[in-house]
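Consider the single chain below, provided in structure tokens and representing the form predicted on its own.
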């Protein structure tokens, strides 16, 4: 059986995601689609709208056959770290190809960009370091350095690395090359709204950002129904009925603020991504601001992007230190969250060929990265449940991988 891989967050899964899964399978002539999906905290440093189990159900009912969890260390990393972890897992899972959505929509510009940066590696790195030293954010420094070397070959067709999906796609390809993967890289043009677009119009494909913003503005799913498949709508209704609260920083902020004020600058300094004295600013902001929005307004600066600060805050909330991060340089397992019958058949055939251990029960495996995933899940559940007895902690131990024959997919399609 032939598998193609995709990297997803599904926060939440919408019509554009369904199109991506369908096109990935079709364009690579694959038998199944394997998704590596972030857990309960995401790449932009924010809690997931709904938990990983609910998003796994969305995936399995919408064209994905196997869902593996991207460990916390990579799921909450910057673009190169996020991409490296995801690609290593897809490679370990035996995928013959990986397919990403991009603003460009063709693979040649990404190949040209990789070759261009290779030819000017020293000049590129020097330009990045110079921009960062001058207070430019790291993502902007990368783009400025890229434009500097591109100016020498203006006629070359390259990827626009100012666009969010293109940036991730570039890093996926860079990661695949760095590990010598045989996976073929493919891309499809992103349809509809852009990655960061936060408004909805009458097109049927909107961004997850726009969908979440619309919901939090109205507290109803009615306005987003045209932009999400039936499975997403039903599972979100079920979530809202059972829990009432969706994951977001505003509702998590009291827990974050408690941790910041309890630990103080000296302990915050040990947290991953916290550097250059920003722990003092974070502490002062927590002392004087009682909402997440006002807290962020007080901390954000030209040097520290909103996303970079959110990643720091995620690590503060979960207690993810620089020391713990150093123990997790590479993925060490494939954590199975769910599979269809076709996905089960693939694993039955390929299980002995996987280059990393396959984990379906967390109690049977010991690993620092897995321990961090479990901790992050429990903290997410505790904050989501407002610290009450209704908080569903321990789900990683009590939830088996989602199976097609244990879940009514047909009623959701």
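Owing to the predicted nature of the structure, the values given are computational and were not obtained by experimental measurement. Positions refer to the first chain, counted from 1.
Although not depicted, the form predicted together with another copy of the chain is the subject of the following passage.
With the partner omitted here, the residue from 367, 51, 46, 378 that has a non-hydrogen atom within 4.5 angstroms of another copy of the chain in the model of the complex is 378. Of the residues given (257, 120, 308, 171), 257 alone sits with a heavy atom within 4.5 Å of another copy of the chain in the model of the complex. In the model of the complex, every residue of the candidate spot (287, 290 and 316) has a heavy atom lying within 4.5 Å of another copy of the chain.
A residue is said to contact a partner when one of its heavy atoms sits within 4.5 Å of a partner heavy atom; residue 302 fails this definition for another copy of the chain in the model of the complex, lying far away. With a 4.5 Å cutoff on heavy atoms, residue 189 does not count as touching another copy of the chain in the model of the complex; it lies far away. At the 4.5 Å threshold, heavy atoms of residue 321 reach another copy of the chain in the model of the complex. Another copy of the chain is not drawn, but in the model of the complex it has a heavy atom within 4.5 Å of residue 263.
Partner contact region in the model of the complex: 264 to 272, out of 226 to 234, 155 to 163, 339 to 347, 264 to 272, criterion any non-hydrogen atom within 4.5 Å of another copy of the chain.
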